[in-house]
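So this first bit is one chain, no partners, the form predicted alone, shown in structure tokens.
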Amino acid sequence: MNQSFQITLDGQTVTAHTGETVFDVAKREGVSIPSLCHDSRLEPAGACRVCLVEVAGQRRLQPGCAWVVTPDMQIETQTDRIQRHRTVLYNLYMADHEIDDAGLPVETGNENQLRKLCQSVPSMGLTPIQAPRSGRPLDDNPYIKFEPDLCILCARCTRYCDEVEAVNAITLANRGSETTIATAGQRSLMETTCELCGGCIDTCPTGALIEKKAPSNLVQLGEIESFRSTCNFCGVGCQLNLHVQNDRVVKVTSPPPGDTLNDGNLCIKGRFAYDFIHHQDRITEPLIRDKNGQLQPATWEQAIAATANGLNAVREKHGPDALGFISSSRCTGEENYLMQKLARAAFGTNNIHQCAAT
């Protein structure tokens, strides 16, 4: 039974509900708690230790993403102890991460969240270590690249592959400093159960998993505009963000989880198959055949009129059932509704079909 009760968060009395975590309450109250391994689509793992908070009566700091609140619990998210912990933790991450000339984790085309966190703490100058994590340099899949030097082993990618996609194409393998993100036998993703949806890229916080097609220095290039659109590969209506530079789509990402019906997920077509937008063979204007049967450019008004005249001519000569209408699963539900309305109400035939039914 979902009951409400009071807890204390950073000195303020707030309302919580049965089963909620510290993260859940903090988000609702507008309190920011950093994290690297948390994704609202996944079960909490507490792997990155970035979100540790102080809970009254607990000897150790506890992970805010997984710690379930109880009545009268007292929680602090910003204390000297927590700040000391973050300073040491972020510096340990930096010692096991590729660093740029500024002494910070390198930026990637996916935006390195660890870099932003490290900018908030002083450098301890720890000696870099060389973790012998193995990658898959010979993986010939066309879309997903793995950079082991950028991996922090938060396991978001493997958990996403298991809990959301349920294909288990990648997993944590080996032990200790050799732990890495692997496939069975380190085979190419093309030889596994991977669906190449790119969800692992989307959830990766550091850019260790990155899209091969997009510019690797996309963030540094700047002047990137983002436009919300609807995927046109099926009728589900998944929302996506088109990233445009110099009037060209250079990358497609999904909106944040919880914002749209696809909950931050996209399939292989929605995320990677955007080359057609700028393909040289793409039809960009209406075409009408002239008296010689050759296609000629026309205005939309001319094209619609020619279509209506042709359909009416067939109906008048052979009757309405001589016409057939086929709609597409790539259209929206509203567009498919209008197509059947056109067939039945305007032309008087029930010869209407949709390609998703075949």
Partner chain sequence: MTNSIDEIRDTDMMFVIGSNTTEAHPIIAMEMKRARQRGAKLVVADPRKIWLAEMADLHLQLKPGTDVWLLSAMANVIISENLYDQAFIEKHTTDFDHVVEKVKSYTPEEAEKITGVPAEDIRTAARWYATTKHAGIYYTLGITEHTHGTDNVYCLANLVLMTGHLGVKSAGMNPLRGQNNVQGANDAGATPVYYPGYQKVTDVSVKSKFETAWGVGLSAHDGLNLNEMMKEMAKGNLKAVYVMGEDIVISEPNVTKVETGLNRCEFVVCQEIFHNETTRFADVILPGACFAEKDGVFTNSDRRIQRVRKAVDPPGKARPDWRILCDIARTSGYAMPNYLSTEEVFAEFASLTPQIKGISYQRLEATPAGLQWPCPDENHPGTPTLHLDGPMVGTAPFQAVDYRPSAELPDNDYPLVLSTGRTLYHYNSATQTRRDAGPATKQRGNFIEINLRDAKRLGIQHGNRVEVASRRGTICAEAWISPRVRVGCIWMPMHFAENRANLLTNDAGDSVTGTGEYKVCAVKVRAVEALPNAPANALLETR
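What you are looking at is a predicted structure, and each value in this text was computed from that prediction instead of being measured. Positions refer to the first chain, counted from 1.
Below, we turn to the form predicted in complex with the partner chain, even though it does not appear here.
Only one of Ile99, Leu242, Ile224, Ala214 lies close to the partner chain in the predicted complex, with a heavy atom inside 4.5 Å, and it is Leu242. Between the options Thr108, Thr203, Asn265, Gln113, the residue in contact with the partner chain in the predicted complex by a heavy atom within 4.5 angstroms is Asn265. Interface membership of Asp72, defined by any non-hydrogen atom within 4.5 Å of the partner chain in the predicted complex, is ruled out.
Within 4.5 Å of any heavy atom of the partner chain in the predicted complex lies no heavy atom of Asp149. In the predicted complex, the partner chain lies within 4.5 Å of some heavy atom of Ile352. Contact annotation for Ser327: at least one heavy atom lies within 4.5 Å of the partner chain in the predicted complex. Residues Asp263, Asn265, Leu266, Cys267, Ile268, Lys269, Phe272, Ala273, Tyr274, Asp275, Phe276, Ile277 are the members of 263-277 with a non-hydrogen atom no more than 4.5 angstroms from the partner chain in the predicted complex.
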